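First comes one chain, alone, set out as structure tokens in the form predicted on its own.
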């Protein structure tokens, strides 16, 4: 697969929206390694995870544009000549979306519309890959959750991502654009924002353990999730980008192997070598939006691109802990 990706991306031009964030920067570094010419667009909105250190030590090898994806004039220019566009920009917190809906409407929905209009008028041939969220399904009736499951999200963040996905599907169906629509499940690993609990639960628990704090496990800890290491996520995204059969498709991108939140916490404490946990009651806000058990059916992804996750949870947690031991001053 490595040689296939190298052939597909060597010498190609790639635009990454939200490219200084967790997933965007990880993609950027991998694309640089594959020989692509990468442009990074990021507004560096406070608390959204954009971090110039995420591209260390290769920052100078990227074209970096600090601007918002809603700025049509800038986006119109940037999409021209791009072979691939990975659209990772948007409001990035489930919790913040519940408290203030307007950034979701502005950055996730409007930002997607601006990007797709820019492509329609300036680069109809670009392949556009969107990072959505497993939260777009909402509470589920059947596990594992396949792409045919109904969507009934319970938060503004999830609703806005679903709306953005639908917008892109229109541009695929009506205007003939090559769009791939990914729904990501609990991505963790190096370069994630670690300043608050508003983002990935695994990385936040790692910070708490590293600081010797008590990790609060909501409910009885039996809630099931699947967690995917960032390197596996990037590999799958790149394979989807070059797969003709993936165009126009909604595709789950997860690990497919569920663990309970209590199991996750115990693995994190083992990886860090210290920390403790306690059960805690859900807040009213969390309880109202909690979707219950979720783990993804990734058989469609396997069938289309022949991908399998390669990093086990214990291994991925150990690598993540090692990264933050070296660079924590840049993340909290």
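Positions refer to the first chain, counted from 1. Please read all numbers here as calculations on a predicted model, not as lab measurements.
The form predicted in complex with a further copy of the same chain exists for this protein as well; it is not shown, and the discussion that follows is about that form.
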property: a further copy of the same chain in the predicted bound form: contacting segment from 91-99, 127-135, 255-263, 193-201, heavy atom within 4.5 Å; result: 91-99
property: Touches a further copy of the same chain in the predicted bound form: residue 239 (any heavy atom, 4.5 Å); result: no
property: Proximity of residue 80 to a further copy of the same chain in the predicted bound form, heavy atoms at 4.5 Å; result: no
property: 4.5 angstroms heavy atom contact with a further copy of the same chain in the predicted bound form for residue 230; result: no
property: Distance check, residue 156 to a further copy of the same chain in the predicted bound form, heavy atom within 4.5 Å; result: yes
property: One residue of 224, 140, 178, 105 in contact with a further copy of the same chain, assessed in the predicted bound form (non-hydrogen atom, 4.5 angstroms); result: 105
property: Heavy atom within 4.5 Å of a further copy of the same chain in the predicted bound form - residue from 145, 109, 209, 251; result: 109
